[in-house]
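Take a look at this single chain, the form predicted on its own, given in C-alpha coordinates.
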Amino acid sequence: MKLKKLLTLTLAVLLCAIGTLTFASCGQKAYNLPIVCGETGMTEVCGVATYGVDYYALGVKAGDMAADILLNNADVSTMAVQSDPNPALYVNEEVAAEIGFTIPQSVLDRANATGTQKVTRETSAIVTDGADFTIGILQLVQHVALDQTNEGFQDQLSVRMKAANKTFRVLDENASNEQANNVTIATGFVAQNVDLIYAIATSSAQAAAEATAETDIPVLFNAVTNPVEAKLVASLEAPGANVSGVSDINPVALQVDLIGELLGKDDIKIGFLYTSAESNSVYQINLGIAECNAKGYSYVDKGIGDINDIQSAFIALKAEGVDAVYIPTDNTLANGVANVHSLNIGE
(Lines give C-alpha, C1' and ligand atoms only; values in the text may rest on other atoms or scores of the structure.)
Protein backbone atom coordinates (compact mmCIF):
# COMPACT_ATOMS: atom_id res chain seq x y z
CA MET A 1 0.00 0.00 0.00
CA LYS A 2 2.81 2.42 0.89
CA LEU A 3 4.55 1.57 -2.38
CA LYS A 4 1.34 2.27 -4.30
CA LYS A 5 0.93 5.65 -2.62
CA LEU A 6 4.55 6.48 -3.31
CA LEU A 7 4.17 5.59 -6.98
CA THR A 8 0.98 7.63 -7.20
CA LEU A 9 2.64 10.62 -5.62
CA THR A 10 5.68 10.28 -7.90
CA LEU A 11 3.45 10.08 -10.95
CA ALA A 12 1.54 13.17 -9.86
CA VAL A 13 4.77 15.10 -9.42
CA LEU A 14 5.98 13.99 -12.84
CA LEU A 15 2.70 14.95 -14.50
CA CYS A 16 2.83 18.33 -12.81
CA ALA A 17 6.39 18.87 -14.00
CA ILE A 18 5.52 17.79 -17.53
CA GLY A 19 2.53 20.10 -17.53
CA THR A 20 4.69 22.98 -16.39
CA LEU A 21 7.28 22.30 -19.07
CA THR A 22 4.59 21.93 -21.71
CA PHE A 23 3.08 25.25 -20.72
CA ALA A 24 6.48 26.91 -20.80
CA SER A 25 7.46 25.52 -24.21
CA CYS A 26 4.15 25.11 -26.05
CA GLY A 27 2.46 28.03 -24.36
CA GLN A 28 5.18 30.54 -25.29
CA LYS A 29 3.75 33.99 -24.81
CA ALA A 30 2.76 35.70 -28.04
CA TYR A 31 3.53 39.43 -28.07
CA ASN A 32 1.58 40.12 -31.28
CA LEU A 33 3.09 43.56 -31.65
CA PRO A 34 2.81 45.25 -35.06
CA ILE A 35 6.34 45.74 -36.39
CA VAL A 36 7.53 48.28 -38.94
CA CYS A 37 10.99 47.59 -40.36
CA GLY A 38 13.41 49.81 -42.19
CA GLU A 39 13.30 47.75 -45.39
CA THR A 40 10.97 45.45 -47.29
CA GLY A 41 13.05 42.27 -47.02
CA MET A 42 12.68 42.23 -43.23
CA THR A 43 9.03 43.25 -43.52
CA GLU A 44 8.37 40.21 -45.70
CA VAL A 45 9.25 38.06 -42.68
CA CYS A 46 8.10 39.92 -39.57
CA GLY A 47 6.56 43.30 -40.41
CA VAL A 48 3.08 44.52 -41.22
CA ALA A 49 4.03 47.46 -43.45
CA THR A 50 6.81 49.88 -44.32
CA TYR A 51 8.10 52.48 -46.68
CA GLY A 52 11.15 50.53 -47.71
CA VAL A 53 14.08 50.88 -50.04
CA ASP A 54 14.57 48.22 -52.69
CA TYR A 55 17.96 46.64 -52.05
CA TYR A 56 18.06 44.88 -55.40
CA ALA A 57 17.49 48.24 -57.12
CA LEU A 58 20.30 49.73 -55.03
CA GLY A 59 22.54 46.94 -56.28
CA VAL A 60 21.57 47.78 -59.86
CA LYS A 61 22.58 51.40 -59.25
CA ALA A 62 25.98 50.24 -57.99
CA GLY A 63 26.35 47.98 -61.03
CA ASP A 64 25.87 50.97 -63.30
CA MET A 65 28.44 52.96 -61.33
CA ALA A 66 30.95 50.11 -61.62
CA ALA A 67 30.36 49.87 -65.37
CA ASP A 68 30.93 53.61 -65.77
CA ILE A 69 34.23 53.34 -63.89
CA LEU A 70 35.53 50.25 -65.66
CA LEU A 71 34.21 50.87 -69.17
CA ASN A 72 34.09 54.66 -69.37
CA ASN A 73 36.94 55.62 -67.02
CA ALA A 74 34.60 57.58 -64.76
CA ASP A 75 36.35 59.18 -61.78
CA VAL A 76 34.96 57.61 -58.61
CA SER A 77 36.03 60.65 -56.56
CA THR A 78 33.48 62.80 -58.38
CA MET A 79 30.63 60.26 -58.50
CA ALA A 80 27.84 61.36 -56.17
CA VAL A 81 26.53 58.84 -53.68
CA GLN A 82 23.26 57.33 -54.92
CA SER A 83 20.11 56.32 -52.99
CA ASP A 84 16.51 55.22 -53.53
CA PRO A 85 14.52 58.43 -54.13
CA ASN A 86 11.09 56.77 -54.17
CA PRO A 87 10.69 54.10 -51.48
CA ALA A 88 7.48 52.17 -51.98
CA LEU A 89 4.74 51.53 -49.43
CA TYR A 90 4.69 47.79 -48.84
CA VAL A 91 2.16 45.86 -46.75
CA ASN A 92 2.29 42.30 -45.44
CA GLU A 93 -1.26 41.12 -44.81
CA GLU A 94 -0.10 37.60 -43.97
CA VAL A 95 1.96 38.72 -40.97
CA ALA A 96 -0.81 41.11 -39.95
CA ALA A 97 -3.27 38.20 -39.90
CA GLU A 98 -0.86 36.08 -37.86
CA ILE A 99 -0.72 38.66 -35.08
CA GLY A 100 -4.41 39.58 -35.35
CA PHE A 101 -3.73 43.10 -36.60
CA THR A 102 -5.94 44.90 -39.11
CA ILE A 103 -4.12 47.12 -41.59
CA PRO A 104 -6.24 50.25 -42.18
CA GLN A 105 -7.88 50.46 -45.57
CA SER A 106 -6.24 53.83 -46.16
CA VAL A 107 -2.84 52.12 -46.03
CA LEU A 108 -3.93 49.20 -48.20
CA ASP A 109 -5.30 51.59 -50.81
CA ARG A 110 -1.95 53.40 -51.10
CA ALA A 111 0.28 50.33 -51.16
CA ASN A 112 2.04 50.44 -54.51
CA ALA A 113 4.89 47.94 -54.16
CA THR A 114 4.71 45.69 -57.21
CA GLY A 115 7.79 43.59 -56.55
CA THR A 116 11.39 44.03 -57.56
CA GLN A 117 11.98 44.60 -61.27
CA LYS A 118 14.75 42.11 -61.97
CA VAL A 119 17.46 42.55 -64.57
CA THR A 120 18.13 39.49 -66.69
CA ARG A 121 21.71 38.49 -65.97
CA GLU A 122 24.03 38.02 -68.95
CA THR A 123 25.86 34.96 -67.64
CA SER A 124 28.26 34.88 -70.58
CA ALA A 125 29.80 38.14 -69.35
CA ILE A 126 30.85 36.53 -66.05
CA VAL A 127 33.82 34.19 -66.53
CA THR A 128 36.38 32.43 -64.37
CA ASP A 129 39.39 32.75 -66.71
CA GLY A 130 40.63 35.34 -69.15
CA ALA A 131 38.35 38.13 -67.89
CA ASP A 132 38.85 41.75 -68.91
CA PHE A 133 38.20 42.85 -65.30
CA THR A 134 38.33 41.30 -61.85
CA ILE A 135 35.83 42.45 -59.22
CA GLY A 136 36.27 41.74 -55.53
CA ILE A 137 32.97 41.61 -53.63
CA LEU A 138 33.20 41.93 -49.86
CA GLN A 139 29.85 41.29 -48.13
CA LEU A 140 29.61 41.62 -44.36
CA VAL A 141 27.10 38.85 -43.70
CA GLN A 142 24.53 36.79 -45.56
CA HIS A 143 20.96 37.99 -45.23
CA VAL A 144 18.21 38.94 -47.64
CA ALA A 145 18.91 42.69 -48.02
CA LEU A 146 22.66 42.38 -48.52
CA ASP A 147 22.21 39.37 -50.79
CA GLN A 148 19.90 41.45 -52.97
CA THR A 149 22.45 44.26 -53.32
CA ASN A 150 24.99 41.67 -54.41
CA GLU A 151 22.63 40.08 -56.92
CA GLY A 152 21.47 43.38 -58.41
CA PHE A 153 25.06 44.57 -58.78
CA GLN A 154 26.20 41.49 -60.68
CA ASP A 155 23.06 41.38 -62.83
CA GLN A 156 23.38 44.98 -64.01
CA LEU A 157 27.15 44.87 -64.43
CA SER A 158 26.80 41.76 -66.58
CA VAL A 159 24.33 43.57 -68.86
CA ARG A 160 26.64 46.55 -69.25
CA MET A 161 29.68 44.33 -69.86
CA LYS A 162 27.85 42.23 -72.42
CA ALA A 163 26.81 45.35 -74.32
CA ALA A 164 30.46 46.46 -74.39
CA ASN A 165 31.66 42.99 -75.40
CA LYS A 166 33.68 42.70 -72.19
CA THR A 167 33.85 40.10 -69.41
CA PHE A 168 34.53 40.14 -65.69
CA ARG A 169 35.52 37.70 -62.97
CA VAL A 170 33.96 37.82 -59.51
CA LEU A 171 35.76 37.09 -56.26
CA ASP A 172 32.74 36.90 -53.95
CA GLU A 173 33.66 36.76 -50.25
CA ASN A 174 31.57 36.87 -47.07
CA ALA A 175 33.03 38.20 -43.80
CA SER A 176 30.53 36.29 -41.59
CA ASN A 177 29.92 39.48 -39.61
CA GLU A 178 33.53 39.56 -38.34
CA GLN A 179 35.65 42.68 -38.72
CA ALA A 180 38.87 40.64 -38.77
CA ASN A 181 37.51 38.82 -41.83
CA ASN A 182 36.64 42.16 -43.44
CA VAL A 183 40.26 43.27 -43.11
CA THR A 184 41.70 39.97 -44.33
CA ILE A 185 39.45 39.84 -47.38
CA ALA A 186 40.00 43.49 -48.31
CA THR A 187 43.79 43.25 -48.05
CA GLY A 188 43.64 40.05 -50.06
CA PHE A 189 41.79 41.81 -52.86
CA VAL A 190 44.44 44.52 -52.89
CA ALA A 191 47.20 41.90 -53.04
CA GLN A 192 45.45 40.38 -56.07
CA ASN A 193 45.26 43.85 -57.65
CA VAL A 194 41.54 43.64 -58.44
CA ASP A 195 40.11 46.29 -60.73
CA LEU A 196 37.35 47.31 -58.32
CA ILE A 197 36.06 46.37 -54.86
CA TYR A 198 32.34 46.27 -54.18
CA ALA A 199 31.83 46.42 -50.39
CA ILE A 200 28.41 45.67 -48.91
CA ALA A 201 27.67 47.18 -45.45
CA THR A 202 29.44 49.87 -43.48
CA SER A 203 32.21 47.93 -41.73
CA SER A 204 33.08 46.08 -44.93
CA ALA A 205 33.28 49.37 -46.82
CA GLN A 206 35.51 50.86 -44.13
CA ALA A 207 37.86 47.89 -44.35
CA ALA A 208 38.00 48.18 -48.15
CA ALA A 209 38.60 51.93 -48.00
CA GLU A 210 41.48 51.50 -45.55
CA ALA A 211 43.05 48.65 -47.52
CA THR A 212 43.01 50.65 -50.77
CA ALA A 213 44.04 54.02 -49.30
CA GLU A 214 47.50 53.90 -50.91
CA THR A 215 46.31 52.41 -54.20
CA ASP A 216 44.30 53.51 -57.21
CA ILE A 217 41.73 50.70 -56.79
CA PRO A 218 38.21 52.18 -56.78
CA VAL A 219 35.80 51.09 -54.05
CA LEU A 220 32.02 51.15 -54.38
CA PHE A 221 29.93 50.57 -51.27
CA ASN A 222 26.30 49.63 -50.77
CA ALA A 223 23.97 49.25 -47.79
CA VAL A 224 25.73 52.08 -45.94
CA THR A 225 23.26 54.31 -44.15
CA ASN A 226 25.45 57.34 -43.45
CA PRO A 227 28.65 57.26 -45.53
CA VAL A 228 29.72 60.73 -44.37
CA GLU A 229 29.53 59.83 -40.67
CA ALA A 230 31.30 56.55 -41.48
CA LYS A 231 34.11 58.67 -42.96
CA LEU A 232 33.87 56.92 -46.31
CA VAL A 233 33.23 60.12 -48.29
CA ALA A 234 33.78 63.81 -47.74
CA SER A 235 30.24 64.58 -48.89
CA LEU A 236 27.41 62.83 -50.70
CA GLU A 237 27.80 65.12 -53.72
CA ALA A 238 31.60 65.00 -53.97
CA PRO A 239 33.17 61.92 -52.30
CA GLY A 240 36.68 63.23 -52.90
CA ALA A 241 38.78 60.03 -52.83
CA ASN A 242 38.66 56.52 -54.29
CA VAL A 243 35.36 55.60 -52.61
CA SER A 244 31.72 56.22 -53.52
CA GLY A 245 28.62 54.10 -53.79
CA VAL A 246 25.00 53.72 -52.77
CA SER A 247 23.37 54.62 -49.46
CA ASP A 248 20.46 52.61 -48.09
CA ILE A 249 19.15 55.49 -45.99
CA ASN A 250 15.46 54.87 -45.53
CA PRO A 251 12.61 57.35 -44.89
CA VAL A 252 12.50 57.05 -41.10
CA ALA A 253 10.10 59.98 -40.75
CA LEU A 254 7.64 58.37 -43.18
CA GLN A 255 7.95 55.08 -41.33
CA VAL A 256 7.20 56.66 -37.94
CA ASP A 257 4.22 58.46 -39.53
CA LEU A 258 3.10 55.10 -40.88
CA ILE A 259 3.09 53.60 -37.39
CA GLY A 260 0.72 56.34 -36.26
CA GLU A 261 -1.57 55.67 -39.21
CA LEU A 262 -1.48 51.92 -38.65
CA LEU A 263 -2.48 52.33 -35.01
CA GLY A 264 -5.10 54.94 -35.80
CA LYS A 265 -4.44 57.13 -32.77
CA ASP A 266 -2.21 59.96 -31.61
CA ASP A 267 -1.39 58.72 -28.12
CA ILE A 268 1.10 55.97 -28.99
CA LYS A 269 4.29 54.50 -27.62
CA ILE A 270 6.86 53.08 -30.04
CA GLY A 271 9.50 50.54 -29.09
CA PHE A 272 12.77 51.00 -30.98
CA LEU A 273 14.68 47.72 -31.33
CA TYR A 274 18.21 47.89 -32.74
CA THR A 275 21.79 46.68 -32.37
CA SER A 276 23.68 49.13 -30.19
CA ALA A 277 27.06 48.34 -31.78
CA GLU A 278 25.88 49.20 -35.32
CA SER A 279 26.40 52.90 -35.97
CA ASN A 280 23.99 52.80 -38.91
CA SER A 281 21.24 51.53 -36.61
CA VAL A 282 21.96 54.09 -33.89
CA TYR A 283 21.79 56.84 -36.52
CA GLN A 284 18.35 55.71 -37.68
CA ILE A 285 17.04 55.30 -34.15
CA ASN A 286 18.09 58.86 -33.37
CA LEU A 287 16.13 60.01 -36.43
CA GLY A 288 13.13 58.04 -35.19
CA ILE A 289 13.37 59.50 -31.70
CA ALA A 290 13.55 63.01 -33.15
CA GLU A 291 10.41 62.30 -35.15
CA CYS A 292 8.63 60.99 -32.04
CA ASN A 293 9.58 64.14 -30.15
CA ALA A 294 8.26 66.28 -32.99
CA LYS A 295 4.94 64.42 -33.04
CA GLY A 296 4.53 64.00 -29.29
CA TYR A 297 4.79 60.20 -29.42
CA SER A 298 6.21 58.28 -26.47
CA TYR A 299 9.03 55.84 -27.11
CA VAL A 300 11.30 53.26 -25.52
CA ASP A 301 14.60 52.19 -27.11
CA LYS A 302 16.23 48.83 -26.48
CA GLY A 303 19.64 48.09 -27.98
CA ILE A 304 20.80 44.49 -28.23
CA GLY A 305 24.27 42.99 -28.45
CA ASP A 306 23.34 40.02 -30.64
CA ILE A 307 20.31 37.97 -31.66
CA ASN A 308 20.35 36.13 -28.33
CA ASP A 309 19.15 39.36 -26.72
CA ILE A 310 15.99 39.64 -28.82
CA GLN A 311 13.70 37.87 -26.35
CA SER A 312 14.78 39.93 -23.35
CA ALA A 313 14.39 43.10 -25.44
CA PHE A 314 10.84 42.08 -26.42
CA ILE A 315 9.97 41.34 -22.80
CA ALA A 316 11.25 44.75 -21.79
CA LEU A 317 9.38 46.54 -24.58
CA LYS A 318 6.14 44.74 -23.77
CA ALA A 319 6.56 45.56 -20.09
CA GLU A 320 6.87 49.22 -21.07
CA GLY A 321 3.51 48.99 -22.85
CA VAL A 322 4.63 49.80 -26.38
CA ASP A 323 1.97 49.78 -29.08
CA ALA A 324 4.33 48.89 -31.94
CA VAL A 325 7.97 48.08 -32.63
CA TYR A 326 10.28 49.81 -35.09
CA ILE A 327 13.40 48.00 -36.38
CA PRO A 328 15.81 49.96 -38.61
CA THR A 329 17.98 48.56 -41.39
CA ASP A 330 20.11 46.56 -38.98
CA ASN A 331 22.42 43.73 -40.05
CA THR A 332 22.17 41.73 -36.84
CA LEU A 333 18.40 41.90 -36.68
CA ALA A 334 18.06 41.26 -40.41
CA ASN A 335 20.10 38.11 -39.88
CA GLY A 336 17.77 37.10 -37.04
CA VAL A 337 14.51 38.34 -38.53
CA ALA A 338 12.93 34.87 -38.43
CA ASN A 339 13.70 34.74 -34.70
CA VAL A 340 11.95 38.08 -34.26
CA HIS A 341 8.81 36.82 -35.98
CA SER A 342 8.73 33.49 -34.16
CA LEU A 343 9.06 35.26 -30.83
CA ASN A 344 6.39 37.81 -31.70
CA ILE A 345 3.78 35.17 -32.62
CA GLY A 346 4.70 32.86 -29.73
CA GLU A 347 6.28 29.98 -31.59
Partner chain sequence: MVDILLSGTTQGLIWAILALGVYVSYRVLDIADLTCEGCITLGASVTALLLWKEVNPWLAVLIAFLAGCIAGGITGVLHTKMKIPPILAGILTMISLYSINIHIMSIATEKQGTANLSLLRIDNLYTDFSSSKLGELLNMGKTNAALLIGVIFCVGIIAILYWFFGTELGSSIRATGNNEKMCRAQGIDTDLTKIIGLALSNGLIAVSGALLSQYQGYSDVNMGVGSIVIGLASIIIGEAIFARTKRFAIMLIGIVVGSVIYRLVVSLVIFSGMPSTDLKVMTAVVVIVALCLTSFASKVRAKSAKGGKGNV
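Positions refer to the first chain, counted from 1. Just so we're clear, the structure is a prediction, and the values are computed from it rather than from any experiment.
The same protein has a further form, the form predicted together with the partner chain, not shown here; the description that follows concerns it.
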### Query
Any of the heavy atoms of residue 279 lying within 4.5 Å of the partner chain in the predicted complex?
yes
### Task
Answer for residue 75 alone: is it within 4.5 Å of the partner chain in the predicted complex, judged on heavy atom distances?
no
### Query
For residue 258, is any heavy atom within 4.5 Å of the partner chain in the predicted complex, or not?
no
### Message
Test of understanding: in the predicted complex, would residue 123 fall inside 4.5 Å of the partner chain by heavy atoms?
### Response
no
### Message
Just to confirm the contact call: exactly one of 263-271, 95-103, 190-198, 159-167 touches the partner chain in the predicted complex at a 4.5 Å heavy atom cutoff, so which is it?
### Response
190-198
### Query
Of the options 172, 109, 237, 216, which one has a non-hydrogen atom that comes within 4.5 Å of the partner chain in the predicted complex?
172
### Query
Can you tell me which residues in 313-347 come within 4.5 angstroms of the partner chain in the predicted complex, by heavy atoms?
none
### Task
Say whether the C-alpha atoms of residue 219 and residue 331 sit closer together or farther apart in the predicted complex than in the form shown here, given that their separation changes by 3 Å or more.
farther
